[in-house]
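In the form predicted on its own, a lone chain appears below as structure tokens.
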């Protein structure tokens, strides 16, 4: 599966990333490279996952690494656009308790 990552930045110290495809063992390195490069500046990163249908444990590891990098650099990682399947995954893994999520996620976690 392929992954597409689109970067957009209109506000100072804020970077919007939209991800499309599946985040798995094959595509996670691309996302890791992009996120960790951006995490070095202490900016707020808004990560839109509306175009993502699947994340495996490798992909979750990338998001956790980016979250930790942002926390240590004084920035924020804000995840938005999750469908109910992804929201459920974050709830089951306990990541919804530590990470920051935008208001446009499906909260029911049912799929």
Partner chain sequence: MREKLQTDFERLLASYLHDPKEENLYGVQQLNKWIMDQKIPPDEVLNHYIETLKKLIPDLHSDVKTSFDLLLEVMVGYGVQYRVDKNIATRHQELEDEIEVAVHLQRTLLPESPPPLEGVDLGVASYASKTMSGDYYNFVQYGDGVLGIAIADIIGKGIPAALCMSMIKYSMDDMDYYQPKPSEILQELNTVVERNILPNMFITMVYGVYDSLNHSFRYATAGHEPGFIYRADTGQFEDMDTQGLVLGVTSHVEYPEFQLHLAEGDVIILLTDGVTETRFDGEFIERSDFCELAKKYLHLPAQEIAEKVYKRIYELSGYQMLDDQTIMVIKREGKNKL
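Residue numbers count along the first chain shown, from 1. What you see is a predicted model, and the numbers here were worked out from it, not measured in a lab.
Missing here is the form predicted together with its partner chain; even so, the following discussion is about that form.
Contact with its partner chain in the predicted complex, judged by any heavy atom within 4.5 Å, is made by just one of 43, 84, 30, 58: 58. The listed set 39, 52, 79, 62 contains one residue whose heavy atoms approach its partner chain in the predicted complex to within 4.5 Å, identified as 62. The closest non-hydrogen atom of residue 95 lies within 4.5 Å of its partner chain in the predicted complex.
Interface residue remark: residue 16 is not counted as part of the site for its partner chain in the predicted complex, having no heavy atom within 4.5 Å. Among residues of the shown chain, residue 71 is one whose heavy atoms approach its partner chain to within 4.5 Å in the predicted complex. Among residues of the shown chain, residue 100 is not one whose heavy atoms approach its partner chain to within 4.5 Å in the predicted complex.
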